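So this one's two forms of a single chain, laid out as structure tokens and tagged structure 1 and structure 2.
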Structure 1
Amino acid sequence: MRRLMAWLDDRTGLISWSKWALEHPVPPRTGWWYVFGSATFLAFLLQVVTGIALATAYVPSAGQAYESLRFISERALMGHFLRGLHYFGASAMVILIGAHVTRTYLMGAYKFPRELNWLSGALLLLLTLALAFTGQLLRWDQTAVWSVIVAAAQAGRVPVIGPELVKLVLAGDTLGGQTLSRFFAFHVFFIPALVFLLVALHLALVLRHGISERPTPGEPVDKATYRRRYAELMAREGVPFWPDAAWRDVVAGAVVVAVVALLALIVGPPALGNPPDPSILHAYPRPDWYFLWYFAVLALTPNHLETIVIVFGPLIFGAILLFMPLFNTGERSVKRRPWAGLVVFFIVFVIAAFWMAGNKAPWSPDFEAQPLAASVVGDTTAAVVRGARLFHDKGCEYCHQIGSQGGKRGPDLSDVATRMTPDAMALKITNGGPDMPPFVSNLSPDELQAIVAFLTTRK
């Protein structure tokens, strides 16, 4: 055995190289904060493995993908579990790469000489989001189809080349047979291949520059001295990566796999929606959770700023990521870069706030609103009863809540009579507002009267 290994190493050099790579010295006391990178990579490998398995049964054809997914979910052995693994694996990868980027930013690990570590990592973040988006589309149901159209509509906002981008997203003039195959090819071949290349570069850079030591306040990065100080630290206190630091990566990885597997078993993959038929108009397209906050951003941006946000928002986000390494010297510790902590706090806060808004989506009319029950109306005067009925039939209830029924697009009208006179109500209903249509031509005078009579009882 020994001789076989020696022979292999002589012919390939791989064993001594791996030994060298595994035992390269890393800074002492790196701790648990350093596990996110390897955990992200593990999540990616999990996606590759489960993805390949799914691809053996998935049919990337616009007309058949949906049926093949139903087969995978309902009939194939462990197909349901596998889809769950792939779904929660994707979620894990998005979360973990987010944590990894945040950690390196907070610890100033992107500074000299690790600027390109950051840059390759930033590209990996963008590719991960691209994988998440294209993957969501491969769940080729009604929501996926409308997500493609919404994505194309956003691409269409780009000045000058908008129409061309729409065609590239749809792979034609309309959604059709070519749309899915392209997303499939990007999701399973093109983007993963780029990810593998960039991960290789990223890891080669980690080996080249060493894992960053924990930042010490008052020890700024100076290009003239940093490399020497790092080498001295390694000579003095460095520990071999394997197993002194690696055991934490292994534990974290095991936790990731366990959590993903448990969620896949207990919660399971997202259910398939209606078939991908663009002529079924009862659709409520919602993105998967990782893009839900962006859905909220698009809903809450004032109309005149919208195109700017849609087009320049992603560009600015990308530019910030790419230009970050320009600030490559100075203090690393977040104690001396309090604004860095604030930036992270702010971004997390904003995303969380938008995410919660996106979860409730109060701006979406409630198409399921049922006519108000007699107990809610609570009054049997003919005009009031008629007004309550019209409140549903004329679409008011899709946007306005009464009791706890109806949409949240407009104000809750359960006690509107306490703040508006009948005349003010009639005026509002006739003229509408920025987000409420004027009903001047859609209500006869007596219908208007009936609705106002009904609303006047709401106090």
Structure 2
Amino acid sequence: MRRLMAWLDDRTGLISWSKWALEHPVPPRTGWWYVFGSATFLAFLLQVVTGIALATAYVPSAGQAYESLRFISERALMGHFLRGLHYFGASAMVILIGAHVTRTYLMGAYKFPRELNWLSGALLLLLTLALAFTGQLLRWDQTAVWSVIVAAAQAGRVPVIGPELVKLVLAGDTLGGQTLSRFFAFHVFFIPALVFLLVALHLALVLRHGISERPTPGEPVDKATYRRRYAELMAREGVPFWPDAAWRDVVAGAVVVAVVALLALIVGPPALGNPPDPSILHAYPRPDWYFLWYFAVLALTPNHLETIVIVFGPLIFGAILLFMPLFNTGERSVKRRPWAGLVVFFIVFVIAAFWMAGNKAPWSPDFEAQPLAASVVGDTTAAVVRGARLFHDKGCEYCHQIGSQGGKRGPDLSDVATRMTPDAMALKITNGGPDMPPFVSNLSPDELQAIVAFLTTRK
């Protein structure tokens, strides 16, 4: 075996290079904050392995994708578990790369001489989000399809190149089988290939410049002296990556795999929704949780500001990521950069707030709304009781609240009789409005009269 390894190393140099890479010195006191990068890469490898396994049974065609996923989930050997691994592995990858970028920013590890480390990591963050987005469509259910339609509508808002971006997203003028094929190719081939290339570049840059040391207040980054001070620190206190520091990466990776496996086993993958039906025009898709906060931003943005948010929001985010390395000198410690901690807190707070709003989704109809209780209806007149029943049966209660029952998409009608006359109510119900369908073909004259009679009691 030694002779074989010696021959292999003589011909390739891989063993010597691997030994050098594993034994390269790292700063002391790196601690658990430095495990997020390797844990993210392990989560990506888990996605590759489970993705290959799922691809052996998945059929990326509009007519068979949904049924092939049902087969994987219900009848294929370990298919349900594999789908769970892939779904929760994606969630782990998004969380871990977010934590890695946050740690890098707070510790000022993007400063000289590691500017390209940050840029390659920023591109990996964007590719991770692209993997998550393209993977959602592959479920090919109603929610996944409408999420892509929403994304295409956003792309269409971009000035000048909007129509071309829509064609790029949909692989044509309309969503169909060609869209699924394009998303499958990007999700399975193109984006993972770019991730592997950028990971290789990222690791090469880490080996070249070394892992950033824990920042010390009062020791700013100076281009003239930093390399010398770092080399002296490594010579004085540096420890080999393997095994002195790598054991934490191993433990963190094992925890990530164990948590993902447990969630896949206990919770399982997201349930498939209904098959895509283009005849359903009023759909309310909910993207996967990591995009839910952005979905809430779009849903809550006033109409006159939508284009500004859709176009400039991603541009500002991308510009911040790409131009961060320009501020590559000065203090690295967050104690001397308190605004850095405030920035992270603000971003986390905003994402959490919008995520909670997206989870409640007040802009979506509440299809689980129960018929109004007798105590809420109050009046026992036959016409009023019938109108209250029709208010639920015709779907009015899905969007409108009365006495804290019902949806929040439309105005609260608990006191509508103090704002509108019976004639105005009838006209509004019949003709609808910008966010309300007309009910002229859904209600008979006596049904309309009963609903109006009920609403006139709401004071």
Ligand code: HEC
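Throughout, residue numbering runs from 1 along the sequence of structure 1. Take the two forms, find the largest set of C-alpha atoms that superpose within 1.5 Å, and that set is the rigid core. Since the model is a prediction, treat every value here as computed from it, not as a measurement.
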Problem - Form selected (criterion: the form predicted in complex with this ligand) - result: 1
Practice task
Using a superposition on the rigid core, decide whether the Cα position of F367 changes by 2 angstroms or more between structure 1 and structure 2.
Solution key: yes
Practice task
With both forms fitted on the core, give yes or no for whether the Cα of P422 moves by 2 angstroms or more between structure 1 and structure 2.
Solution key: yes
Handout entry: Whole-degree rotation of one rigid part against the other between structure 1 and structure 2
Key = 35
Handout entry: L448: CA movement between structure 1 and structure 2 [superposed on rigid core, Å]
Key = 9.8
